[in-house]
Every structure is written in structure tokens, then in C-alpha cells.
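The chain below stands alone and is given as C-alpha cells, in the form predicted alone.
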Amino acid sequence: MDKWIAVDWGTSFFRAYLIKDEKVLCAAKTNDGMKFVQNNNFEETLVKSIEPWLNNKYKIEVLASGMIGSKQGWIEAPYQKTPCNLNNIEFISPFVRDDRFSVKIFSGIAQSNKPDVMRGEETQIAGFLYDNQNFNGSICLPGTHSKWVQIENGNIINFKTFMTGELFEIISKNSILIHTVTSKKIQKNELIKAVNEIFIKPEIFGNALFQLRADDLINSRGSEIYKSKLSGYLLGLELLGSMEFWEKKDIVLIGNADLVKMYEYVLQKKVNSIKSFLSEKMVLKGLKNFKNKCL
């Protein structure tokens, strides 16, 4: 297989990989996310990271997914509507001045009934389906905007997005909990207890948040406990809202190691089985899958 470049370009991060014969030869990871690119200098930003991999003797193909294909990105790659088959993913090619490479940016997925969208997660899903073509079930992609996705016969049937990660960021950094939730660690038992509290009485969510601050002032039991509880309260709400995707079912988790582990903790006694995969690996497999389909 010829060399090609895989790019995962999100809102706040940029990752590129030089690939040959299914092996990653080099990687470039920067903070040049879409929102940090000034004056629409997307081509220049891309070249800055992949310059060492470019050659004047031949043109290399760059395959990209993520928020780079949004309205605020390099060029908008129109959404495909659910239900949709990822074997038929569409792409758009922006004009590039540098004749050493070409670019394909793949579409995101949109849902009209109960409006929802995704950009980038579909590539991770395609990566999982690359080795699991007969999978029928639910895939969860934890993150800033966690997604629960129903898959049937290689098709995305429907999905739900929860702002769990973004809400954690907002509450922990812009509320009275800013001095209470400072730890980087999670206590498994406190996390699970908090999830179960919300399962039993979700209406106490607002009061439970204030109790975290009050308990810190009175008892000072440590930020690790309070972070675990806040995470559990938010995750409990997400799980209540996504129950049709996971209750008594076999599920797949795709995400970074820490988030996947957290979801495993709280779901392991609530589902039939869990299989977990790292998002970075699934992105590469997904772009390889798209490459094969769009030749």
C-alpha cells in the first residue's frame, strides 16, 4: 500500500499519522485545533505538521475527519442523514495550493428526528466495524459530548448525545465548586455510589451539587471524593437518559483510557458485557476503511 496521511482534526487538537502498509511510520500531535486556526490558514497549519512527510516527486493523499469538516472548519462536508451506512461515507476536497498533497474531508452524521449531529465519532465507529462487520448493538463514545449509537448491519440507525464532559468542565471551573473539585483522580466506590444516588432520586441533582461544597467546607474529605461524586452525578443523568441503548445489552466503549475505565466501573453490573477500545486506534482504522471505500 502506498503511503498516505491520516488526520484527526478536532476543535482543540490536531493529530496526523504517516501510514504505509498499515503501519504508522510517524505521528504529529499539536494543539492546533480548528478553533485556534487564524484567518482560515488551514492549509498552512496542516503543512506545518506534515512538511517532513511531503515529497516533490509524488502527491500524497491526506484523509481527514472531525470538526475540520464543520461550518467553522476548512470546508463544510455536508452531513449524511440517519439511517446511514458508513461503507458509503461521502467526502469533500478543499482546494490546496501545495501540489505535494491532496485532501479528502469526510462527512459527519446528522439525525433529523430528535435532532443530533456527530463529526469524528463516525470515523471511530467505522474503525470498530472494520474488524466487526457483523456487529449489531450499541456503541458508546464517552467524551466532551458523549454519544450513544445504535448499529444494525453496518448502519447507524439513531444516536443520542449528552453534554456530560462539557457540563463537568463548566461546573468544576465556573461554579462554587471551583475550589472543591480540583483532583485529577477518581475513587471508584464514590463514583459508583454517586451514580446510584442519581438513579434512585434524579431530582436531587441540584441539591447534591451544593452539598459537595458544603461538605468540603464542613468536613474537608478531599477533592478526590468530590470529583468522583460530581462525575457520578453527571454520568448518572446520562445513563438514565440512554437506558434504551445499554440496559441488559452487550455494549462497546470507544474513548480515551481514563474515560473508558470510568464508564466500565459504573456499567459493569448494569449490562450483559462490555468491550473497550481506544479512540486513537479506531480513528486510524476508520480512515483506512474510508480510504478503501473511496478509491
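Just count from 1 along the sequence shown to find any residue number. Note that the structure is predicted; figures quoted are calculated from it, not measured.
The protein also exists as the form predicted together with another copy of the chain; that form is not presented, and the subsequent description refers to it.
Annotated contacts: 52, 75 and 157 are all free of another copy of the chain in the predicted bound form [non-hydrogen atom within 4.5 angstroms]. With a 4.5 Å cutoff on heavy atoms, residue 95 does not count as touching another copy of the chain in the predicted bound form; it lies far away. Proximity of residue 161 to another copy of the chain in the predicted bound form: non-hydrogen atoms within 4.5 Å are present. Among residues of the shown chain, residue 205 is one whose heavy atoms approach another copy of the chain to within 4.5 Å in the predicted bound form.
Under a 4.5 angstroms non-hydrogen atom cutoff, another copy of the chain in the predicted bound form has residue 79 among its neighbouring residues. The single contact residue among 27, 47, 237, 267, judged by any heavy atom lying within 4.5 Å of another copy of the chain in the predicted bound form, is 237. Across the options 185-193, 82-90, 149-157, 167-175, residues that bring heavy atoms within 4.5 Å of another copy of the chain in the predicted bound form belong to 167-175. In the predicted bound form, 111, 114, 115, 116, 117 are the residues of 111-135 with at least one heavy atom within 4.5 Å of another copy of the chain, listed from first to last.
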